[in-house]
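Below you will find one chain, with nothing else, as structure tokens; this is the form predicted alone, and questions on how it binds or moves follow later.
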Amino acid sequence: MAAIDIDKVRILVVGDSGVGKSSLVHLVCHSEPIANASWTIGAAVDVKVHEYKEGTPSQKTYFLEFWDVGGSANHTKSRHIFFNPVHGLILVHDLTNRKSHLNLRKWLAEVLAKDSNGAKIGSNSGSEYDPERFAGSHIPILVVGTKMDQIDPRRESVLSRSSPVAEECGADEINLDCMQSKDLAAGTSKAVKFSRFFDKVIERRFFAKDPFQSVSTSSYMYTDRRRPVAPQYISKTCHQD
């Protein structure tokens, strides 16, 4: 089969260990719940085909490359190798675990502690996110709350409150149950939010005039839908809608 040159964007998925990052990525890429979730060591990569501005004259096919970064504290000093380049960021927290939401600020600070060239711009990767300090960041951000089905009925009010982290970043927020494919069924409000976020990531990467966005990347050569192309410690699959 002849290779097709398709541009790609790289989206980091970060959050505490056990919040459901791998389950989320699998649901987004394959439109079905993951069968056997396991702990991610290092990073796992999955790929989805996305139609940018679908249904309009500007429609174009892109690859969305999701880098699911393991959340173990044991890898704090080494996982920064997965943070460059980054074109979009998904912050994941467990709706039943308030601490995992509070820790999103630390994850955001850790990712943004490097500029587009990979050089540190923060003093400590574990420091708190400072809205003013990182106001110049142009990375599109999405905040996702998982395990919505496990929320104690007495705490369901959390679903009606906006995430402070999302408000600080000007990010969209989505709460869902990663074990229910209907949560991201085509045409649902959550699926539309994800699609708009993906469009925003693509626009920032390929159409933004801000020189801050000129980070290096290469086209993804589409030959075999399930051919691994990442380093040995990374797993990669590709799904086409």
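Residue positions are given as counts along the sequence shown, with the first one as 1. Bear in mind the structure is a predicted one, so any value in this text is a computation, not a measurement.
One more form of this protein, predicted together with a small molecule, exists but is not displayed; see below.
- The closest heavy atom approach of residue 178 to the small molecule in the model of the complex falls within 4.5 Å.
- Among heavy atoms of residue 150, some come within 4.5 Å of the small molecule in the model of the complex.
- For residue 56, no non-hydrogen atom is located within 4.5 Å of the small molecule in the model of the complex, even though that partner is not displayed.
- Contact check for residue 71: a non-hydrogen atom falls within 4.5 Å of the small molecule in the model of the complex.
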